[in-house]
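Coming up is one lone chain in structure tokens, specifically the form predicted on its own.
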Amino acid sequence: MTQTNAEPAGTGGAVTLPEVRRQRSLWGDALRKLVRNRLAVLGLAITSVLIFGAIFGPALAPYSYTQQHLLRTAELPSGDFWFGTDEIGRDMFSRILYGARTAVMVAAISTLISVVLGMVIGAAAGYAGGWIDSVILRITDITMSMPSILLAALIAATVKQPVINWAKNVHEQTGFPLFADVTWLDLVIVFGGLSLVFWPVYARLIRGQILSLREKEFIEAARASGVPALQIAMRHLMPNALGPVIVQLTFSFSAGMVLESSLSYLGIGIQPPQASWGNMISSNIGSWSYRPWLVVVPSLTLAIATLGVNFLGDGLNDALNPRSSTK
């Protein structure tokens, strides 16, 4: 006789088909809700193109980002130069692709550093409590009370010249080739500045999640079983707090791209000849009235990239929010 699907053999009818449906994973449900959100799918497509351009764009660029065509300066977009050329004859399309690598690398690394730093500090504050929690909260309050762009600019402007002088002294004394060209230090300083701007958001987010989770039954059971506090935090609390962190990560990523471009625009971030959307805008802002494409192209690229990442972040927020509809 054929077994029916409603009551699987050996279960005594304890598991029904609706109950099996309810046991779907959180991540599977989140993915289904994400793909039903049109703006989130658009954001995912834009973000994917951005990351693809950052990884493979320089290899696909028709010219080097430093190559000059001195007889074809400030040209309008054409078949040879899809986005035109800048004031010294460099191909704008190639520089946009290299600028995408700069924007994504700065945003990704600074966000990763701030996530790790914020999660560790937030977990310590939320789980330890007492004076440790109070001290960390005051530090985050002070940091978050400052405008992000001003704090990042202050860090970059204060640290940059001493670090460059130190690197030059090291090269003069040791001849170490790594310090022969200090342009890479621009990236390191921007990484550090943005990380110090973003970490308090993650610290507060993780702290709040842990405060809501640490009194749950499974945490009490782990404590009663003699599981060490660090192991409880790493194996039980942190994984359950990842949903909001993933959502915030996307917004930090887009904010990182904007802040990197802002610092480069102000002249304290990524400096020419390195390609950055911010320094491309800064270099050509004076010719806006008669060569508008030199400013429009990098500005529009930054706007579309930021908008796409934010669309994806909004979609993730809806998909991972347990209070949203689960239909």
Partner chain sequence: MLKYFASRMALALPTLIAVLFITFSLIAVSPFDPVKMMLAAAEMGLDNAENVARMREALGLDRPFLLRFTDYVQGLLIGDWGTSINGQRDVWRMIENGFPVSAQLGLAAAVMTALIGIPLGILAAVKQNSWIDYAIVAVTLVLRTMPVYVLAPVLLIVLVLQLKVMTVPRGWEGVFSSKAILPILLLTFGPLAVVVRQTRQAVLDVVSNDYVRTARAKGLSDYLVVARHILRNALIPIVTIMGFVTEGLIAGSIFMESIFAIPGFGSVSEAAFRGFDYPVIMGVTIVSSVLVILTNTIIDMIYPVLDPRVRLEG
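What you are looking at is a predicted structure, and each value in this text was computed from that prediction instead of being measured. Numbering follows the first chain given and starts at 1.
Only in words, not in the display: the form predicted in complex with its partner chain, which the text now covers.
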query: Touches its partner chain in the predicted bound form: L185 (any heavy atom, 4.5 Å); finding: no
query: Touches its partner chain in the predicted bound form: S262 (any heavy atom, 4.5 Å); finding: yes
query: Partner proximity in the predicted bound form: A61 to its partner chain, non-hydrogen atom cutoff 4.5 Å; finding: no
query: In the predicted bound form, L154 touching its partner chain (heavy atom, 4.5 Å); finding: yes
query: Contact assignment for its partner chain in the predicted bound form, among L150, A180, V135, A224, heavy atom within 4.5 Å; finding: L150
query: Residue (of Q231, S78, T174, S145) lying close to its partner chain in the predicted bound form, criterion heavy atoms within 4.5 Å; finding: S145
query: Candidate stretches 278 to 286, 50 to 58, 65 to 73, 28 to 36 - the one whose heavy atoms come within 4.5 Å of its partner chain in the predicted bound form; finding: 278 to 286
query: Those residues of 68 to 97 which, in the predicted bound form, come within 4.5 Å of its partner chain by heavy atom; finding: none
